[in-house]
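In the block that follows, a single chain appears as structure tokens, in the form predicted on its own.
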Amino acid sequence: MSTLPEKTIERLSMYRRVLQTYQDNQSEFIYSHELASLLHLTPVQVRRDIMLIGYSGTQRKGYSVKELINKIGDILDGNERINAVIIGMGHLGKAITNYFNTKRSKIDIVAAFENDSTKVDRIISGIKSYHTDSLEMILEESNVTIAILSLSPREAQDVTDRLVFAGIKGILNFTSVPLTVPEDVSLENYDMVTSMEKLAYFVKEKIRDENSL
């Protein structure tokens, strides 16, 4: 299978989470329009994405929920587990680690890194926390390919440069600063500040519209 579009990968991840909840409710089949409705998408978009991964349902029953979950899992997870590390174990870092440690995921967060001496050489959220000075050494020993950044923005680019030099292939950036990485490194930014400001803007617009009626 050729490389799938980025947006399709994002939607496949959302499909799987919704389908897992749907399956927990004892539902064996789902139609494209039902899945689309749950995610505010169009049925055409859902069918196109599912066709891209080589799966098809039946006109009478729709998609098998279990089979579709497994098919998406084959695409997103593959056969091998991936090791990741997290840099910054504040409240956000702990929440991210707890989430992945409790989900049925093939992504294993195997180590954390901190500058705060009170958090070094401790088990936090089920994983060992090391000082950032030992970053390169632990990465070399742990076969890590993904790093999650939840540290201070002023340290983000410097740590990113170290991660790239150490061979990290993917970075999930939870800091508020844009990062520079070479083309052979995948970068995903999650900007909570921008998301909140965008949300606040549209909420204010809705309130203003309601008050004008």
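In this text, the rigid core denotes the largest set of C-alpha atoms whose superposition between the two forms falls within 1.5 Å. Throughout, we count residues from 1 along the sequence that is shown. The structure displayed is predicted, hence computed values, not measured ones.
There is another form of the same protein, the form predicted together with a further copy of the same chain; it is not shown, and what comes next is about it.
K.L.:
Using a 4.5 Å heavy atom cut-off, which of 172-180, 59-67, 43-51, 24-32 contacts a further copy of the same chain in the predicted bound form?
P.N.:
That would be 172-180.
K.L.:
Closest heavy atom of Val164 to a further copy of the same chain in the predicted bound form, within 4.5 Å or not?
P.N.:
The answer is no: Val164 has no heavy atom within 4.5 Å of a further copy of the same chain.
K.L.:
Do Tyr130 and a further copy of the same chain come within 4.5 Å of each other in the predicted bound form, heavy atoms counted?
P.N.:
It does not: once a further copy of the same chain is placed as it appears in the predicted bound form, Tyr130 has no heavy atom within 4.5 Å of it.
K.L.:
At the 4.5 Å heavy atom threshold, is Ser142 in contact with a further copy of the same chain in the predicted bound form?
P.N.:
Ser142: no, not in contact with a further copy of the same chain in the predicted bound form.
K.L.:
Would you check, heavy atoms only and a 4.5 Å threshold, whether Val18 touches a further copy of the same chain in the predicted bound form?
P.N.:
It does: once a further copy of the same chain is placed as it appears in the predicted bound form, Val18 has a heavy atom within 4.5 Å of it.
K.L.:
From first to last in sequence, which residues of 6-23 have any non-hydrogen atom within 4.5 angstroms of a further copy of the same chain in the predicted bound form?
P.N.:
Residues within 4.5 Å: Glu6, Lys7, Ile9, Glu10, Ser13, Met14, Arg16, Arg17, Val18.
K.L.:
Once you overlay the rigid core, does the Cα of Arg17 travel 2 Å or further between this form and the one not shown?
P.N.:
Comparing the forms between this form and the one not shown, which are aligned on their rigid core, Arg17 does not shift its C-alpha by 2 Å or more.
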